[in-house]
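Before any questions on how it binds or moves, here is one chain, the form predicted on its own, in structure tokens.
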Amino acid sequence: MPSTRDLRRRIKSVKNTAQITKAMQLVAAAKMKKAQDQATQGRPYADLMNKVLVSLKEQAGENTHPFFSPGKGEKTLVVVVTSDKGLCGALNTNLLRKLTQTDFGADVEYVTIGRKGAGSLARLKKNLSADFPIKDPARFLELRTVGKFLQDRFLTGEYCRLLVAFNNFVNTVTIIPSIEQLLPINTVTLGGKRSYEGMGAGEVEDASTGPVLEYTFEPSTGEVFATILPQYVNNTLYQMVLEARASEHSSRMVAMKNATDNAKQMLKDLSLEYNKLRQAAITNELLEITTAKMALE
């Protein structure tokens, strides 16, 4: 049975831990708001660009640009977007579990953004070809370098497709580990499938069943695709990183809030145990005094 001194030390330790987790919760909440705003503000542009290019892919044909058709090789290049730091719950664990459970084929290479993903894939002895440290908050200029690297690797022809594994942000408590195809051009879902989207405004039009639009290219189809497709890859990758960062800060805020609440509950339990032990000690002392007085009479 612990002594009162041990309980006092433990109560002090738990109080210090609760102060730390509370401070980390407030910091994560501030970062979460900025990250969520960045992610939600960039979705309309990314979704519209993806919708237009998927439509163009069907009209232009696979041989119009290399980004519209699979590479000649059999390799798959997977970009894994994780966090640099921990203390964000099961965020990275869920993404890596989905990654390991997905069958990409026999020959797979990985490119990581975030130290947690790089360390985990190295421990799993995966074929890691590159690692890019991206600071927080993520900047488009940094992601453009990553996008250029990925486009050059895809244009070599040894990769049949380019995939991105990231955490898709829906709301503060709902985060979906996702694997989306970036190249060749394919339909990409950002922000998860939200059932409330479009409620009260009629049925939501699906990009695959909507009206077929005809586009006029100027100066030429080749020049337009040569300009817009690299921009699409860079912007979509940037949006995916923003989704992952919003998921990271949201998960860290929730994890720190749960840790703070658990610490407060532990303080209540320890204080109750300490008071019981202290009351028992006082009762024993009173009994000893009463017994000694009766013995002297």
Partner chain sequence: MAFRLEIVTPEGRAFSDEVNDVVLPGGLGEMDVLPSHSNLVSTLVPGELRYKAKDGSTHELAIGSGFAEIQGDHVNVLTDLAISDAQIDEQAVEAALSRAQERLKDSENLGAENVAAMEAAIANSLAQLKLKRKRRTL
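Numbering follows the first chain given and starts at 1. Please read all numbers here as calculations on a predicted model, not as lab measurements. Heads up, when I say rigid core I mean the largest set of C-alphas that superpose within 1.5 Å between the two forms.
As for the form predicted together with its partner chain, it is not shown, yet the points below apply to it.
Proximity to its partner chain in the model of the complex holds for all of F140, F149 and E223, with the criterion being a heavy atom within 4.5 Å. This chain is displayed alone, yet in the model of the complex one of R144, K98, K75, R115 has a heavy atom within 4.5 Å of its partner chain; that residue is R144. Put simply, of V27, V54, L267, I228 only one has a heavy atom within 4.5 Å of its partner chain in the model of the complex, and it is I228. Just one listed stretch, out of 228-236, 65-73, 268-276, 248-256, contacts its partner chain in the model of the complex at the 4.5 Å heavy atom level, and that stretch is 228-236. I176 falls outside the set of residues with a heavy atom inside 4.5 Å of its partner chain in the model of the complex. At the 4.5 Å threshold, heavy atoms of E158 stay clear of its partner chain in the model of the complex, well away from it. Though the partner is left out of this view, I134 does not reach within 4.5 Å of its partner chain in the model of the complex, counting heavy atoms only. In the model of the complex, no heavy atom of A263 sits within 4.5 Å of its partner chain.
Taking a 4.5 Å heavy atom cutoff to its partner chain in the model of the complex, the contacting residues in 40-55 are Q41, G42, P44, Y45, L48, M49, K51, V52. Annotation for K264: C-alpha shift under 2 angstroms between this form and the one not shown, rigid core superposed.
With a cut-off of 2 Å and the rigid core superposed, T221 has a Cα displacement that reaches or exceeds the cut-off between this form and the one not shown. With a cut-off of 2 Å and the rigid core superposed, N235 has a Cα displacement that falls short of the cut-off between this form and the one not shown.
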